[in-house]
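This document starts with one chain, in the form predicted alone, laid out as structure tokens.
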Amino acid sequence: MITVRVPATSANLGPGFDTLGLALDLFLTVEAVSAPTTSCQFYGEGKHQLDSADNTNLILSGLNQVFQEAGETVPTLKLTVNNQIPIGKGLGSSAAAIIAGLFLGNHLLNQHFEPERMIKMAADQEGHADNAVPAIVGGLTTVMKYEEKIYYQQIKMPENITIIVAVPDFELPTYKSRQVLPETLTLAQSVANVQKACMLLAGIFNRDFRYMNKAMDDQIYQPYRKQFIPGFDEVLNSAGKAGALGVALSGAGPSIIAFAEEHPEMIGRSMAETLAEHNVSSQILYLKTNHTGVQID
């Protein structure tokens, strides 16, 4: 039996659109054994989206891709999937599923492809690398696409930071969230987000969180996306008043991520109560950074 475990991720973190990503200790786990026919037995979050044995199942889609690129025939497998990652909530569920399939396939192919090629395949299938890279390598990452190649750096996330995620009880597909984004930006908007992203990373690197709330205050993408999340501004305000260091939309949403050194339960409770005031029920997750990325046993 082969076991693949892939962490959830949160992308953007405010100003780092398609650039910053953070791996979280919430996992998609896939167990694979040889079988006469391919099947997928699913447990946990999102059963209705992933419990199938065709290319609508992103795990099998990733598996098929890596065998196709290697020019080999895909073996028949029985997959048992246990998923903790909420589906369609801005926590990298699709990237995790794709990566699980890709890395399962590469393991069966005796590591035919190097890590750099695996990252490129995952990013190409996902459409962008901000979720794929941290899910593969772990930690906080910043990615760059240059001349069709993907480069990344990891930044050590402080161990004393708790990550609070408010997960509303509705889904927001990434394609819908991207449809509302502007096609062009002004120079002033671009400069502002570069400044914020650099300030955010410098603050994390230096363990100086004084300006994290300002650095995570994206004013380019979140203003367009918040229309889908009732009470979004109020949630950010309530989390800040409760002690959050910084708060932002997680990926394409609708989940909202906050960082804290102290009183995470108070922050999470304030976020849930504020969403409830806008008739949105939610789940509050208290997480830590995952530093390992994808693992195969």
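All figures in this text were calculated on a predicted structure; none of them were measured in a lab. All residue numbers are counted from 1 along the displayed sequence.
The same protein also has a form predicted in complex with ligand HSE, omitted here; what follows describes it.
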Fill in the blank from the handout: Contact with ligand HSE in the predicted complex, heavy atom within 4.5 Å, among 156, 178, 214, 112 goes to 178
Practice task
Select from the listed residues 271, 252, 30, 63 the one whose heavy atoms reach within 4.5 Å of ligand HSE in the predicted complex.
Solution key: 252
Fill in the blank from the handout: Testing 8-16, 284-292, 21-29, 271-279 against ligand HSE in the predicted complex with a 4.5 Å heavy atom criterion leaves exactly one stretch, namely 8-16
Handout entry: Distance check, residue 128 to ligand HSE in the predicted complex, heavy atom within 4.5 Å
Key = yes
Handout entry: Touches ligand HSE in the predicted complex: residue 162 (any heavy atom, 4.5 Å)
Key = no
Exercise for the section: Spell out, yes or no, whether the shortest heavy atom distance between residue 196 and ligand HSE in the predicted complex is within 4.5 Å. Expected result: no
Problem - Touches ligand HSE in the predicted complex: residue 225 (any heavy atom, 4.5 Å) - result: yes
Exercise for the section: Any residue of 148-176 with a heavy atom within 4.5 Å of ligand HSE in the predicted complex counts; write them all down in order. Expected result: 174
